[in-house]
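Okay, so here's just one chain, in structure tokens, the form predicted alone.
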């Protein structure tokens, strides 16, 4: 049996890179949750023709080409981008974990059919699948965007979970549980699932960074979050024509995307090292 998740997170916290990643993610979450309450309306346009203003004491990070406060838009955009990432990752992990547990524990024909379907899905680039699905919407609701991203992101997780189940299901404590009369469902939920939690948690942190990049890319292409709702991808899209005259409008949202993805990677590495010290 692996240690508790609390102990694993504590071990990751004692890893310097893991601690840095956790602190950065905590700061971003605080900014997303608290910031909008103390900042101006991110969609309010003060006056027509005002244009972008450089960072100042009035607007700490400046304004965009419509005169909207950039820090307010970054805070609201953080709330939207991080919420999309967390919900989509939770959905994809739930599906991937369920498929991996079923395939690995049942084996045989069920395993072969499920894994061939996963192989076929992995053979097609995810961005291509998303663009095909999102092309049917002129203005996609955020809930639908989350569902589509989550429903197309579970394939890799299912293979990881299946591999762990195949490795664990013949271990002594699993065999002992079966000998004592534990049914298949009890074996899966009481013994197998807790022992694949490490793989699931590491996959979650890696997927967070991927989804944030994916959402930003889709919003930049115009098929993700729709203006005037701010997300980091939308802000980069809005700043594409004003970079030469107002570089701060592109720098700050782009920097937050990079910082968030880097922080999730650091946390993922620390968690992987905590679950498997040989990987450190």
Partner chain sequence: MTRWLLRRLLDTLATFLLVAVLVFVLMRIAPGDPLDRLSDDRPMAPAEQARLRALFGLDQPLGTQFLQFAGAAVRGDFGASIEYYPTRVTELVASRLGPSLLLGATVLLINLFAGVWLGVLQARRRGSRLDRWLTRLSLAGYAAPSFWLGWMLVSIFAIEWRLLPAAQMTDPMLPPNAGCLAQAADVGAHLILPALTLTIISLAATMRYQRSAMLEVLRLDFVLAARARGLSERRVIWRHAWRNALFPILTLLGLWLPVLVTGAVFVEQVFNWPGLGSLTAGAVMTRDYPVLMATALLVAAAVLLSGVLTDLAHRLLDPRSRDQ
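For clarity, every value in this text was computed on a predicted model and none was experimentally measured. Positions refer to the first chain, counted from 1.
Just so you know, the form predicted together with its partner chain exists too; it's not on screen, but the next bit is about it.
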Worksheet item: Can we say 11, 22 and 161 each have a non-hydrogen atom within 4.5 Å of its partner chain in the predicted bound form?
Response: no
Answer among 101-109, 194-202, 81-89, 122-130 for heavy atoms within 4.5 Å of its partner chain in the predicted bound form: the stretch 122-130
Check your understanding: Can any non-hydrogen atom of residue 213 be found within 4.5 angstroms of its partner chain in the predicted bound form?
Key -> yes
Exercise. Closest heavy atom of residue 254 to its partner chain in the predicted bound form, within 4.5 Å or not?
Worked result: yes
**Study point:** Interface membership of residue 271, its partner chain in the predicted bound form, 4.5 Å heavy atom rule
**Key:** no
Quiz prompt | Non-hydrogen atom contact residue 244 with its partner chain in the predicted bound form at 4.5 angstroms | solution = yes
Across 60-99, the residues having a non-hydrogen atom within 4.5 Å of its partner chain in the predicted bound form turn out to be none
